[in-house]
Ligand SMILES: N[C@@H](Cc1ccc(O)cc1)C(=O)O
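Heads up, the chain below is alone and in the form predicted on its own; it's given as structure tokens.
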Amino acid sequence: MSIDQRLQLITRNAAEIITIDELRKKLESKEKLKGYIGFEPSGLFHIGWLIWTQKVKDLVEADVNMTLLRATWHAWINDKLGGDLNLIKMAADYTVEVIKNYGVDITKLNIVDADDMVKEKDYWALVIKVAKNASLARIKRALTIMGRRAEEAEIDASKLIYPAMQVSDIFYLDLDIALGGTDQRKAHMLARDVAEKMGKKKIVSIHTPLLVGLQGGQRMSITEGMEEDDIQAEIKMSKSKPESAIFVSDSREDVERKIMGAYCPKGVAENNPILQILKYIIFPRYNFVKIERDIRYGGDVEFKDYEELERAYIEGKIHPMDLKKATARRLNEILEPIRKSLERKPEFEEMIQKISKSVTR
């Protein structure tokens, strides 16, 4: 694979690369690049996470040595799953199982648990050094990476440790590339700034888009003065808002029901969850999408790329219901091997039931 081919694979469907020039230089160096993504085992895996999962797959195929960090201690600090570390670790196992059955070759991943890193004094020395090279105000601003507001640190000071830990993860693993959703931008920028002060390698940041919730733009409670982080938190698909999300463990019928009830106004692409599912989840896996229609409405039509499909939708050539049916069909094909795998493991089924009850209670 040429450098241009690797670059195209690494950057496709990314919302932001910081910076593309730095990434190209790293690829041209001929050295084996090291990348990572850290995930909080914080609940049920919804399809928004498949966007970064696909990007992990892309990076592995582009010959990047990828680390998957099970951020168990981070989830504990962030009060996920009631602070139950045993449940958090089970959720980490479950997430790895999903990633494997999505099609990522986990034998090519370096899977690291935060439990192992925190045993090392060198790791905590890094955390202290990072904290010494960042102001309190900067650390507080970075709390949005946890889905938290700066003022929440006034209640629980442990939250202030989190950004310093995330930056230290990057330095400890000696990374070239840090992957995350756009909600992780502030942590990556903090890492780049602190790297200069500490004489560490400056990472290239790859940010994947956040999938909008199934309610899309129709219920955005946006008020004047809200920051971009708050706006994204309001509309993104979230495991804490089960009515707005599709989970990988949902039945075929539930997936179809949720898709058919999703926000998808005729001719509108902005904040349209159905189009986003097609762009970021379905098209990266398939060479085409078929829209099945009655012959009275033009018959079946196939699209070989997302841009062509979006144009046709905006022009009113595709009806929302036909688009939804095609999306549900393809999405269920992707989710079926994941569902079957989870059903074969009663410990995960039990965990899913326990978490589902706690979220909807």
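Since we're looking at a predicted model, the values are computed, not measured. Residue positions are given as counts along the sequence shown, with the first one as 1.
Below, we refer to the form predicted together with the ligand, which is not included among the displayed structures.
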Query raised in the report: Within 4.5 Å of the ligand in the predicted complex, heavy atoms considered, which of 33, 335, 69, 318?
Result: 69
Query - Single option in 184, 249, 272, 95 placed near the ligand in the predicted complex, where near means a heavy atom within 4.5 Å - result: 184
**Report entry** Residue stretch of 325-333, 60-68, 37-45, 310-318 approaching the ligand in the predicted complex, non-hydrogen atom distance within 4.5 Å
**Finding:** 37-45
Query raised in the report: Is the gap between residue 162 and the ligand in the predicted complex 4.5 Å or less for some heavy atom pair?
Result: yes
Query raised in the report: Does residue 145 reach the ligand in the predicted complex, with heavy atoms at most 4.5 Å apart?
Result: yes
Query - 4.5 Å heavy atom contact, residue 74 to the ligand in the predicted complex - result: yes
